[in-house]
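Form predicted alone, single chain, as C-alpha cells, below.
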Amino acid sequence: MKASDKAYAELRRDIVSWALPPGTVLGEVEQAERLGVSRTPLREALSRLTADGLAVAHRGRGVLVSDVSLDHVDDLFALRRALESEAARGAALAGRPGPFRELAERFDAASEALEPTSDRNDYYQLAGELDQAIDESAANPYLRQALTGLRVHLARLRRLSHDDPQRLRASAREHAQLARAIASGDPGLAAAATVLHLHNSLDHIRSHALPKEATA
C-alpha cells in the first residue's frame, strides 16, 4: 500500500470513529509522525480528506477535521433514500437469495442479543456486510461509488445520537426484513423495506440528538 493511501485510510477511520473529533487540527508534523509517513504523502492524504468533506482548510490553523451538524441531515437522508432504494431494487432483481437469507438470520440473532453492554461495533460491522452484499448484487459501479462517499458522513452522524439498545434492536429487525425482501426477489418490497428503515433512523437521530456543544 502506498504511504499516501495508508495515511488516508487511517485518518479516515479515525475521523469516522471520532478518535479525531470535529475541530481537531491535523498538523502535518504531528500526523506524519503518528502515522509513520513523510509529509508529502501526508499532504496527499489531507487533500483527499478535504475533497471527501471530512476535513477543511482553515486560514491560519491549517487543516481541521470538519464539523458534523444536524443542519444537513434531511438532505443526506433524502439522497440516501434515493440511492439505497435503487440499490435494494437492483439487489432483489439479481436473483441471489442465499447470502441475504443468511444475513436475515444473523440480524434476527443480533436483535435478541443486543444489550446495553454489547459491543456496538459488531452490529455496525454486520450492517456493513449487508451494505456490501447489496452493492455487489446491484452491480452498479456508479451507484456503489456514490453510496460509499455518502455512508462515510452517515457513520459520523451516529455520534450525534444516543446509541440505545432499543433502537439498535429495532434496526436489526428492520435490516432482517430488508434482507428477506431482497431474498424474495421483489424489488418493490425491497425498496419499501429500505424506506421504512431510513424513516425510522432519521426519526431517531432527530429525537435523540446530542446537544450542539457535543460537536465542538
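Being a predicted model, the structure only gives us computed values, none of them experimental. Residue indices: 1-based, along the sequence shown. Rigid core here is just the name for the largest C-alpha set that superposes within 1.5 Å across the two forms.
Keep in mind the form predicted together with a further copy of the same chain is missing from the figure; the text below concerns it.
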E102: touches a further copy of the same chain in the predicted complex, heavy atom cutoff 4.5 angstroms: no
4.5 Å heavy atom contact, A113 to a further copy of the same chain in the predicted complex: no
Touches a further copy of the same chain in the predicted complex: P141 (any heavy atom, 4.5 Å): yes
R158 within 4.5 Å of a further copy of the same chain in the predicted complex, heavy atoms: no
4.5 Å heavy atom contact with a further copy of the same chain in the predicted complex for all of A9, T194 and L198: no
Contact residue in the predicted complex, from L126, L79, A94, A133 (heavy atom within 4.5 Å of a further copy of the same chain): L79
Selected contact from S38, S47, S184, Q177, since only one has a non-hydrogen atom within 4.5 angstroms of a further copy of the same chain in the predicted complex: S47
Segment assignment from 168-176, 30-38, 48-56, 184-192: heavy atom within 4.5 Å of a further copy of the same chain in the predicted complex: 48-56
S69 C-alpha shift between this form and the one not shown of 2 Å or more, rigid core reference: no
Displaced residue check between this form and the one not shown: A190, CA, 2 Å or over, core reference: no
